[in-house]
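Single chain ahead, by itself, as structure tokens, in the form predicted on its own.
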């Protein structure tokens, strides 16, 4: 399966809508998107993963890298995910303590840093 990416602005946040699989083959595409957004001055990101079917360790690494990039600019990276199989990966790896994870884009955008 492929990876689909699109971006939109909601309030003062840039939302990255992600669909498909984030794995060793597709993760570089997501990495490029996050790097480009930060380079363009978008430091408050919401990654909407509601349509993600699969996430591996490479994808986790890309998300952590994106978090480090925005934090270097005093920004934030919030995740939107309500699929148990994806949430389980974040719990097992302890990344629920690193990433704010929300159930909807509206909730993520409304959250304060």
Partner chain sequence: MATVELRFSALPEHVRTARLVAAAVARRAGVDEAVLDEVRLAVGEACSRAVGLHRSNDVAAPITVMLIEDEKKFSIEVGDEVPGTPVGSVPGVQGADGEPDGAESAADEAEDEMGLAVISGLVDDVEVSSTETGGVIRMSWPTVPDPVLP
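Values in this document were obtained by computation on a predicted structure and should not be read as measured data. Residue numbers count along the first chain shown, from 1.
Same protein, other form: the form predicted in complex with its partner chain, not shown, and the subject of what follows.
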So in the predicted complex, does any heavy atom of residue 98 sit within 4.5 Å of its partner chain? no
Hey, in the predicted complex, does residue 39 get a heavy atom within 4.5 angstroms of its partner chain? no
Taking the shortest heavy atom distance, is residue 43 within 4.5 Å of its partner chain in the predicted complex? no
Answer yes if any heavy atom of residue 50 is within 4.5 Å of a heavy atom of its partner chain in the predicted complex; otherwise answer no. no
Are there residues in 2-33 with a heavy atom within 4.5 Å of its partner chain in the predicted complex, and which are they, in order? 21, 23, 24, 25, 31
